[in-house]
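Below you will find one chain, with nothing else, as structure tokens; this is the form predicted on its own, and questions on how it binds or moves follow later.
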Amino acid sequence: MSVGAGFLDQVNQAFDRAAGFTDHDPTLLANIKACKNLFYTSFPVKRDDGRIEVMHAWRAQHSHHKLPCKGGIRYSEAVDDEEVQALAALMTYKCALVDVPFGGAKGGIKLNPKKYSPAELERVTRRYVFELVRKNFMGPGLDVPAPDVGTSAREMAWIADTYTQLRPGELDALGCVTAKPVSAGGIRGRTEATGRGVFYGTREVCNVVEDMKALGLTRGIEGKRVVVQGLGNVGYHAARFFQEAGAVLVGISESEGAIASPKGLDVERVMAHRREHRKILDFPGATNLARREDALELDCDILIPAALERQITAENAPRIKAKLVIEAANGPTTGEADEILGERGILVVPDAYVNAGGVTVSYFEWVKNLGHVRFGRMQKRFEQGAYGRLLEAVEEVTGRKFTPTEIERVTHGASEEDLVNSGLEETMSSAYHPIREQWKQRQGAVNLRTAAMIVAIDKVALSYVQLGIFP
């Protein structure tokens, strides 16, 4: 069985397990589970040395219960048809959990981006967009991509530029893709959104005293020992937010190896060391681990796999020492490992919930693009003036004079980034409690992953019923 096939099976098994706890019609459940559209294309691309190479690419649209579809594009040698279907399904359930009105999608091109120049990657990206648009698989009301493994804001800018050239005069064209650079129609706060969402979600879990007591932990983030696997966009920002909240980063793993320090690692210094030496290994004051996978087995309170899928397996799950596993990556825990961790009393917070920060802020960006106005532009100065007048009234009544620092702090009007972060915090905080409620109602019968899937299935099913497709 290939990695892709195993991943799709894993997602579908999780769906079937949760569906068994619902009362929905079997035909409706089968409709929710099935991938609606799968597009494959191959196309030639000229390399910088003049060679012609044939590229293989996919785009899966798992659900149309809400439109547009939404999901990232990854550049990886592991991409295949079953992987994009599995990831698209996860996107459907993720969007439903955090009440983002999208159907799930995912795409990818089979290549290792490290082996291609920027000019080559640009040619690949633009041709991929041409193929998607040609088959009506992309558009602000149809299917809206975003970054994933191997892609970034740079590729999203190329995508937006190509789409607007192919659809001249389309008013909402910039809404065809999200996580663009701010200068190209993006939104402030999107780059760190997934990592920030991981932090907000974990903080919400850790603030439930009853659940932390059951794990032998205290309430909150401060003082908890954290291990992060992967220092990409998600892992780096998550590590930074946890560190700022008082957590102790005791281990970090990257593609070149892993390091550990019981006294704690400063993520900014580790990143600076990596930029200088092209590796995190040999970081001053840290111990190099024999294998990069060994970081997963370090003694810690919170383990954050933020790399690729299928990192915690039946083979290493018995050696995991964390009390909490926070799935910042997509599908990092296999079904067999999930059962083992549950039997050992380790709480796994599922990816469908905890890494939904990216798609949440992508939704904000999409709304901004459709509205053609920056968040905060209309009200920021008005709020500052209103708060300032209020302080002046307080000074007149009380005789107390506020310092310039106090005035600045109180009268601060919400910027775009302030509003984005506030909306993300509200989304992640409120989305957790329906999941926990399902988990507690069925105590012993389901874990958090199954509880999250039950909530997602119920929401998607309701959409189909409201559309009149199913009774």
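Everything numeric here is computed off the predicted structure, so don't read it as measured data. Counting begins at 1, following the sequence as shown.
Heads up, the form predicted in complex with a small molecule isn't pictured, but that's what we're talking about next.
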query: Interface membership of Asp301, the small molecule in the predicted bound form, 4.5 Å heavy atom rule; finding: no
query: Contact label in the predicted bound form: Arg225 to the small molecule, heavy atom within 4.5 Å; finding: no
query: Any non-hydrogen atom of Gly232 within 4.5 angstroms of the small molecule in the predicted bound form; finding: yes
query: The small molecule contact at Thr398 in the predicted bound form, heavy atom, 4.5 Å; finding: no
query: Candidate site Ser255, Arg274 and Ala307: all three near the small molecule in the predicted bound form by heavy atom within 4.5 Å; finding: yes
query: Stretch in contact, per heavy atom within 4.5 angstroms of the small molecule in the predicted bound form, of 382 to 390, 117 to 125, 199 to 207, 307 to 315; finding: 307 to 315
query: Candidate from Pro147, Gly107, Gly104, Gly251 lying within 4.5 Å of the small molecule in the predicted bound form - any heavy atom; finding: Pro147
query: Residue among Val84, Ala328, Ala96, Cys176 with a heavy atom within 4.5 Å of the small molecule in the predicted bound form; finding: Ala328
